[in-house]
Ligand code: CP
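Shown next as structure tokens: one chain only, the form predicted alone.
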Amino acid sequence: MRNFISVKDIGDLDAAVKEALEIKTDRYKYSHLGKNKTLMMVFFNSSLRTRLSTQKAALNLGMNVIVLDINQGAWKLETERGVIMDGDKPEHILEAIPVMGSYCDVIGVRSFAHFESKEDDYNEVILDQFIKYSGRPVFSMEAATRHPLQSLADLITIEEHKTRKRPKVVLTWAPHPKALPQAVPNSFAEWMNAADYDFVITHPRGYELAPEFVGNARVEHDQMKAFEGADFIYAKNWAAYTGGNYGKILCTDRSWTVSDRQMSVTDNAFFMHCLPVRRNMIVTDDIIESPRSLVIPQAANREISATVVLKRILEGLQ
């Protein structure tokens, strides 16, 4: 595997999950692969789980790790061509990227949607430039439109806890005080469709995701109806995508907060969220603290998903 951007890059999902579960039994089995190899992790946005889990995964594989925080530990970078650089950005990304590439063997990039241009966000302008100009394998640590490391961890978690071959999985919108990107719901939808689960997306009208991510999912605007008989509930907020409302908050309807009311109509469903989570906005205390909450196992599986991805990239360098 050269780059890891979406579910299409991972290949057969059953094989990926099998590999993940193998790694989980011995996280250092492949430590020889990373000997004398360096991972550079480039953060344009803040991180907790992604930073810690990916660095741990690299160490599991014997790699050296360099962490670079753009706008904090480095020059501010200009990303647009044709700009007269007379402002607060003294370096252009097109010089910075090949320099970064010269110091490492693999690059991980985290760069969120800016909500300034839907076209730029959905063309993954930042991530694409790293792939084009670094000369190194590149993987996404969350980009404008997808968060594949999270989605692989989500898939592993569901496979570990499902009690039937084709569980009912529901992705539900939930309220949030800030406008959040569609990356996590987009990516989760893409992976759930690829896994061929009984997959439902529920959200208020106006919060439709891009059709290429919705795929074959059933879309239901009645949250209670969507939750009926569900095995897994995945809660996440996202800002509007469609029409002229891109990046906007259309409502903060607290009735969509996941609580005992909604969970009571499920089939004793597990609750999932990628974290960080706004308690009593996204989900009530009782639900996230319940024995059916998987938010901590999900987070722990981030180390495993990152190890799988880095292992495959390193194997491609051998």
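The numbering used is simple: start at 1 and walk along the sequence shown. Owing to the predicted nature of the structure, the values given are computational and were not obtained by experimental measurement.
We do not show the form predicted together with phosphoric acid mono(formamide)ester, though everything after this point is about it.
### Task
Scan 203, 168, 136, 110 and let me know which has any heavy atom within 4.5 Å of phosphoric acid mono(formamide)ester in the model of the complex.
Contact residue from the list: 110.
### Task
Could you spot which one of 268, 36, 46, 255 gets a heavy atom to within 4.5 Å of phosphoric acid mono(formamide)ester in the model of the complex?
Answer to the contact question: 46.
### Query
Looking in the model of the complex, is phosphoric acid mono(formamide)ester within 4.5 Å of a heavy atom from each of 5, 145 and 187?
Negative, none of the three is within 4.5 Å.
### Message
I'd like to check something about residue 50: if you look in the model of the complex, is any of its heavy atoms closer than or equal to 4.5 Å to a heavy atom of phosphoric acid mono(formamide)ester?
### Response
Looking in the model of the complex, residue contacts with phosphoric acid mono(formamide)ester include residue 50, since a heavy atom lies within 4.5 Å.
### Message
I'd like to know whether residue 57 contacts phosphoric acid mono(formamide)ester in the model of the complex, with contact meaning heavy atoms within 4.5 angstroms.
### Response
It does not: once phosphoric acid mono(formamide)ester is placed as it appears in the model of the complex, residue 57 has no heavy atom within 4.5 Å of it.
### Task
Indicate whether phosphoric acid mono(formamide)ester has at least one heavy atom within 4.5 Å of a heavy atom of residue 272 in the model of the complex.
Residue 272 lies outside the contact set for phosphoric acid mono(formamide)ester.
### Task
Although phosphoric acid mono(formamide)ester is absent from this view, report whether residue 150 comes within 4.5 Å of it in the model of the complex, heavy atoms only.
So residue 150 counts as contacting phosphoric acid mono(formamide)ester.
### Task
Please determine, with the chain shown alone, which of 64-72, 27-35, 246-254, 274-282 has non-hydrogen atoms within 4.5 Å of phosphoric acid mono(formamide)ester in the model of the complex.
It is 274-282 that comes within 4.5 Å of the partner.
### Query
What residues of 289-318, in sequence order, lie within 4.5 Å of phosphoric acid mono(formamide)ester in the model of the complex by heavy atom?
Heavy-atom contacts within 4.5 Å come from 302 alone.
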